[in-house]
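Only one chain is included here, represented as structure tokens and corresponding to the form predicted on its own.
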Amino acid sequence: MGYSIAVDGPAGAGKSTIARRIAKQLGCIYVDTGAMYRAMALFLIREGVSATDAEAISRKCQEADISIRYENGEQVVLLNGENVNGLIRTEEVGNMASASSPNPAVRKKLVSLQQRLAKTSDVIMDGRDIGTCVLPDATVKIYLTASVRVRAMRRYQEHIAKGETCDLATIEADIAKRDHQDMTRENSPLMQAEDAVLVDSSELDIDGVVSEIIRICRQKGIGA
């Protein structure tokens, strides 16, 4: 019997970084939901759909089959059987993904594809509503968080490391605003699932968080 791990939490909590590390350690598939939305966006661009035509987006998205698998240790995003890794990181695709991802039909389609992946493979998935909506029966549910201050400082240090100028107070305000939007939105608001284990990474480094989540997984018989 396979397993699934759901990692939810607010912006800047390090969900993707942690999920990728855990996938590597456990030998399961990290389902990059963002990459799946980008693959859908690429499909819509190829089909000539306008970013502002919600009806056409709703209709056309049904024709896309998107999946993720690992080949030679690399995550491969498949769009109707084609490896589109090298095509989904453009600005054009990003803009279309921003426009199409809130569409209920796109979301419904991709959630069904994500659920199908979880039925056929051992997976770890991160997002805002994985444990509450996408994988409500996940073997392990983690709610990964950190204080607004800590998350802002991490973002600030990322920008500084890239040589970018930024203001810590502005980043902190943006994160607090994003938290409020995510937690109060109408569809699938960010919340901790009742059966999720809270992991606060404010005082932990990446290795510490990974170790803690692996420990929780082992208690559930994963990777034991």
Ligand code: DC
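One rule holds for the numbers: they count along the sequence shown, beginning at 1. Bear in mind that the values here come from a model prediction, so they are computed numbers and not experimental data.
From this point on, the text means the form predicted in complex with the ligand, which you will not see here.
Figure note: of the listed segments 67-75, 141-149, 116-124, 90-98, the one touching the ligand in the model of the complex, with heavy atoms no more than 4.5 Å away, is 90-98.
Among heavy atoms of residue 109, none comes within 4.5 Å of the ligand in the model of the complex.
In the model of the complex, at least one heavy atom of residue 33 sits within 4.5 Å of a heavy atom of the ligand.
Residue contact check for residue 185: one or more of its heavy atoms lie within 4.5 Å of the ligand in the model of the complex. Contact annotation: residue 37 falls within 4.5 Å of the ligand in the model of the complex, judged by heavy atom distances.
Site annotation in the model of the complex: the residue of 46, 178, 159, 59 reaching within 4.5 Å of the ligand with a heavy atom is 178. Along 111-142, a non-hydrogen atom within 4.5 Å of the ligand in the model of the complex is carried by 127, 128, 129, 130, in order along the sequence.
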